[in-house]
Structure formats: structure tokens, C-alpha cells
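The chain below stands alone and is given in C-alpha cells; this is the form predicted on its own.
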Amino acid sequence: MLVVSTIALTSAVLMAWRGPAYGDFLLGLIVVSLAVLLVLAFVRLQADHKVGVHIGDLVEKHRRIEELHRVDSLTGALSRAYFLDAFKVQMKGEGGRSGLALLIIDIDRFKWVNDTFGHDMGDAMLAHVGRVLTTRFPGALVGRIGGDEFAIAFAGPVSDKTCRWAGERVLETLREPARLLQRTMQTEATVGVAWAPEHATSSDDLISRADLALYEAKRAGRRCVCTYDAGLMKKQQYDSFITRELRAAILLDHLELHYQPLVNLSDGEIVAVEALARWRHPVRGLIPPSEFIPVAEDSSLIELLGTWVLRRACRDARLWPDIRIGINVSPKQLQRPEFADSVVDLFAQEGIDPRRFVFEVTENILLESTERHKDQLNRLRSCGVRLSLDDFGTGHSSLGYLREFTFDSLKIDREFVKDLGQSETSRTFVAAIAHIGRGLGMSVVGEGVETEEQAKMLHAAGCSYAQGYFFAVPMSAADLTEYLKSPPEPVVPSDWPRSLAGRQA
């Protein structure tokens, strides 16, 4: 406009000075200039509009990217990064005032779901969990912080009672049957809980405490809620010590292998021994297997320990050519695709007959069974190794699982044996297991026998073999050698029932 005004003023001056003809020329010039300016203004408006649209698109794209960053696309819960950022902010506020609870939730047997029903079912289960948690816990921060791990943070007055209630509510909510991909599925979970400011005042520390509680809940058998306490931190430190020292003990060959005899209930003869690892620490003395075996199970050490046990047992087995050796095998060992082949190679290296060995696996192998487990066990049986189902009755027993595997023997857990004579239920249970085992072609063994009465009742119930302190304690290879040279008189009285005599191990 300033340009147009300037041209018009100049034109008026020149018209007065040079005459009308020249003014007409300038007036035309003004019209042309106005037209040019209008065109330029239109072009500018169009450009501004396009820029505005472009900026709007950029803003929308940024919003979408921010949304993707904020929400996990599969589950609808907050993404890990956004949850942690929001949790830090919340810790600085409610964490130091009214209190802030943190629940970390791990989906039980999720790998089994993937392996059994496929990854589509796994994704459907994760989506279901995210949907349930965000719907049932409005107002709380709900995030997916790992492959099959979720977290819930909520503010308010917190205590052991309120936090445990929240954890139990999570478990109950997820257990409700849901229809996923044309299947009715039930989701089981394990929960670890910690809260601020009692357990921690920083977000990282509170997450660490809740993780410790979750770890303890898993060790307790899963499907439960565990709240943090100071003892868990001490336990973690002790477990770290065990892990470090046990690795050194294995590599330096500082462990011992003891053997507990297994006897024939018909004549008291020793037919096999079970190999049991023992650890005498140079400073702490004898460390019980109940302390170091679970730590080894939770780390890669169980594979290293298992190899050491088998190799030592192979060498000791030459001392007792007529005795079978029982070896405990962890489900984690069976998860290794090369496990069976490595065992066969070890037998070949040691020049030992695989038929001398019985590999004992617990009921967990049934619960967590995969095609890999089955392939490993079938490979072992094909080379001559016998298989025994250990501690039967204490886990999630299912007769249906027994059809999927072929076992040579079945061991009744000591928890049922110790109650023989006091509990009619235990007697009935033992008799039922013995009947089923024999019906499936398996030898039945009673564990933890400590009295003559228990031994008699196992024999009467149909068990062929037994082991326990009543017969013999675990002993070193040297002591077992001496024991076998001059064994004591058989402890089986002459008046025991003989109906099951003659069964072989």
C-alpha cells in the first residue's frame, strides 16, 4: 500500500507539472502496478496457506509420533520410556508425601503359551492383559516395561495391607477366563510390590525393590504376591556371594559328590544310588544344597554344575559296576538344544555305558513341557539313559502329562512318605500313585524313608524301592565303596509282605 500511495502522489505532482498526457501515462502505470501487487498478494496468500497446511501436517505427525512414544501399540498401556518418565515425576511428588505404590507384574508361563499356541496367541494375551489393567485400574499409571512384564503405579496412603490387596486384585482380575483367538484362556501372573517413601525415595531404587520382591515371588512358586522387605536385599547380596563362590568352586573342582543308596523293598539289596552335590566352603563351612542349588537354577551355573556332577559320577561309577547312578537334571538344562548330544559325547569321552544312568526330572518339566524338552528326553532314552519322574505329587500333577512322556520310574515325594502312619489321606495317596505307576509300567520309589513303619507301608502300598536315612545316609564315593564291600544285614524283616518281590529297578 505504501508503494501504491507513493506512485499515486508522484503521479499527481507530475500531472500538475508536466500536464495531463503525462498524468494519463502514470495513471496506467498505477493500474498495472496494482494488478501486479494483487497477483503477488494472491500468490503470497496461497503460499501462506500451503505453509500453514504443512505446519499443521508436521504438528499432527509430531502428535502421532508422541502418541506412539507414549502408548505401547500392542497392549494400549504406556510404553516403557513414557511410563518411567511419568513415574519419575510422580515419585518427586506423591512419592515423598502421600505415598506411591509400585506393582511389577510378570505373566507366568508366557514362553510356554508362545511355544504351545503360537506368537499370535502370545500377542493376544499381552493385549488382553494391557486392556484389563488399564480398564480395571483407572487413574493409575499402567505401563508395559518388558516383553511380558507390566507395571502399575498409584498414589495414596500405602501400607503392606493396601499394596498386597492391590496385588491380589491384579491376580484375581487376570485369572478371569477370557476368549482369545477362539480359545478360552486364563492368565496367571506373579506380582512384586514396593512403595515409597518407606522402601525407597528415588524411582530407580523403588523399581529395584519391586523387582527383588517379584524375584522372590517367582522363587516361592509364582502365582502369588510378594512385598519388599529389608531381608530381600540381604538375600540378594547373599545370592550374589553364592553365585560368585560357586562358580569358582566348580571350576577349581572344590565340590564333592555324595551318593545315597536306593534299596529293593523286597530284600533290602542296594540297586542304585542318587548322586548329590555337596559344597564345603573354606570359610563358611558346609553350605546346604537348599541354598546353592536354587541360586544355580536361577543362573547359567546350573548347566556348569550339571556337567561337573555328570562327569564326576561317570568316573565314580567305575567303582561300582553293578550299581545304577541317578542324576538330577534341571529343566533349564533341557532347554539347551545341544544338551542331549553333549551328554552322549560326555559318556563317550568317559567310556561309560549310558544304560548305567537314570536321569531324574521334577514335575516342573511336565508343567513347562515343550517340544524341545520332549526331544531332549527322547534322545536320552534312545541312547539308553533311563528316566525317572522325581518328587511326584508336590507340583501341578496331571495324569494327562504322563501320557506325553515315557518314564521308567516314579518317585513319591518325602512330604507324603513322612505322614504315613499318621494320615489316612497320605496312605491313600501313596497307594493310588503306586497303582498308577505300575499300571503305566513304571517302578515306584518312596523317598525320605526314616522309620521301619514307613518302609513297611510303602511296600504294602505297592512301592518296589525306597531310599532314606532308615536305609543309608548320603556318603562319599570312598565311603560308599567300603559300605558295599561289607554291607549291613538287610533291614527288611522276614514278616514283610512278599507279594511284590522280584521287581527290577
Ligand code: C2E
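These numbers were taken from a predicted model, which means no experiment stands behind them. Throughout, we count residues from 1 along the sequence that is shown.
Another form, the form predicted together with the named molecule, is not on view; read the next lines as being about it.
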| property | result |
| --- | --- |
| Interface segment, criterion being heavy atoms within 4.5 Å of the named molecule in the model of the complex, picked from 212-220, 323-331, 151-159, 73-81 | 323-331 |
| In the model of the complex, the residue from V170, I433, A277, V385 that sits within 4.5 Å of the named molecule by heavy atoms | A277 |
| 4.5 Å heavy atom contact, V309 to the named molecule in the model of the complex | yes |
| Distance check, R379 to the named molecule in the model of the complex, heavy atom within 4.5 Å | no |
| The named molecule contact in the model of the complex: D115, any heavy atom under 4.5 Å | no |
| Close approach of D391 to the named molecule in the model of the complex, 4.5 Å, heavy atom | yes |
| Joint contact, G122, G130 and A166 to the named molecule in the model of the complex, by non-hydrogen atom at 4.5 Å | no |
| Partner contacts in the model of the complex for 285-307 (non-hydrogen atom within 4.5 angstroms of the named molecule) | P289, I293, I302 |
